[in-house]
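Only one chain is shown below, in structure tokens, and it's the form predicted alone.
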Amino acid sequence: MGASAIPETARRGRPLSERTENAILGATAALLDEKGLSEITMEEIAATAGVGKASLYRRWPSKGTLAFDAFGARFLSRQPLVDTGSLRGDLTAALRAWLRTVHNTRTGRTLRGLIAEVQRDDALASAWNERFLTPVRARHRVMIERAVARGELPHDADSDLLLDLAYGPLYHRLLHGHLPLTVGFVDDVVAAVMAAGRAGDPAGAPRG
């Protein structure tokens, strides 16, 4: 969960040592799992990490920005993006990794809690978009770009729509819990995304 997992655009303030930054991110992630965002404080994070509070504010202007950087770094580290050579293979690997990361895990419970928190606070929602959603979607968008380069998708494929079609159903079941999250469901979602991708191809040729 090192600094490399955090986008450069999210870096601010005087540089911290890698050791100090990792200690802060690790302490924040652990406290998020234990208590949730609303229950932790910057003072508590600093004490747990063994650093001064000034070290936190040197890089993160608020508790939310720090929490989302910490969670996002860990979240992405548990879902390495693989290149299988096909969109179907990439989507299957990525969505199954997402399932392993969030299904009946502390990470999944923390994710649900953070999504709930940002609904009530516009500033938090803005930070969530910048610090979590943007880098996560950038990572996933690589799958669509590869598929376009391979000719599996048309050059004007709507990557945002395809990502929403892929991850939207999974997040829906995670948040509502109305139906099970299973490998079979993941495979059905992949099939639906592939069908949508083919529907967007003017040639209409089956691909992937």
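A residue's number is simply how far along the shown sequence it sits, counting from 1. Remember, predicted model here, so these are calculated numbers, not experimental data. Whichever C-alpha set is largest while still superposing within 1.5 Å between the two forms counts as the rigid core.
Another form exists, predicted in complex with a further copy of the same chain; not displayed. Remarks below refer to it.
### Query
Is there a heavy atom of residue 71 lying 4.5 Å or less from a heavy atom of a further copy of the same chain in the predicted complex?
Answer no; every heavy atom of residue 71 is more than 4.5 Å from a further copy of the same chain in the predicted complex.
### Message
Under a 4.5 Å heavy atom criterion, is residue 151 part of the interface with a further copy of the same chain in the predicted complex?
### Response
Result no; residue 151 lies far from a further copy of the same chain in the predicted complex.
### Message
Since only the chain is shown here, I'm wondering whether residue 23 would be in contact with a further copy of the same chain in the predicted complex (any heavy atom pair within 4.5 Å).
### Response
Residue-level check for residue 23: no, no contact with a further copy of the same chain.
### Non-hydrogen atom contact residue 57 with a further copy of the same chain in the predicted complex at 4.5 angstroms
Close contact is absent here: in the predicted complex, residue 57 is far from a further copy of the same chain, nothing within 4.5 Å, heavy atoms only.
### Answer range among 26 to 34, 169 to 177, 46 to 54, 143 to 151 for contact with a further copy of the same chain, defined in the predicted complex as heavy atoms within 4.5 Å
That would be stretch 169 to 177.
### Query
Taking 93, 139 and 156 together, does each of them reach a further copy of the same chain in the predicted complex with some heavy atom inside 4.5 Å?
Heavy-atom distance to a further copy of the same chain in the predicted complex: none of the three under 4.5 Å.
### Message
By the heavy atom within 4.5 Å rule, which residue out of 105, 129, 84, 77 makes contact with a further copy of the same chain in the predicted complex?
### Response
Residue within 4.5 Å of the partner: 129.
### Task
For the stretch 92 to 131, return the residues whose heavy atoms include at least one within 4.5 Å of a further copy of the same chain in the predicted complex, in the order they occur.
Contacting residues: 96, 112, 115, 116, 117, 118, 119, 120, 128, 129.
### Task
Once the core is aligned, please say if the CA of residue 63 is shifted by at least 2 angstroms between the shown form and the other one.
Yes, the C-alpha moves 2 Å or more.
### C-alpha of residue 151 moved at least 2 Å between the shown form and the other one on rigid core
It does not reach a 2 Å shift.
### Task
Classify the change in Cα distance between residue 38 and residue 176 in the predicted complex as closer or farther, relative to the shown form (magnitude of 3 Å or more).
It is closer: in the predicted complex, the C-alpha atoms of residue 38 and residue 176 lie at least 3 Å nearer than they do here.
### Closer or farther: C-alpha pair residue 109/residue 38 in the predicted complex, relative to this form, given a change of 3 Å or more
Relative to this form, closer in the predicted complex.
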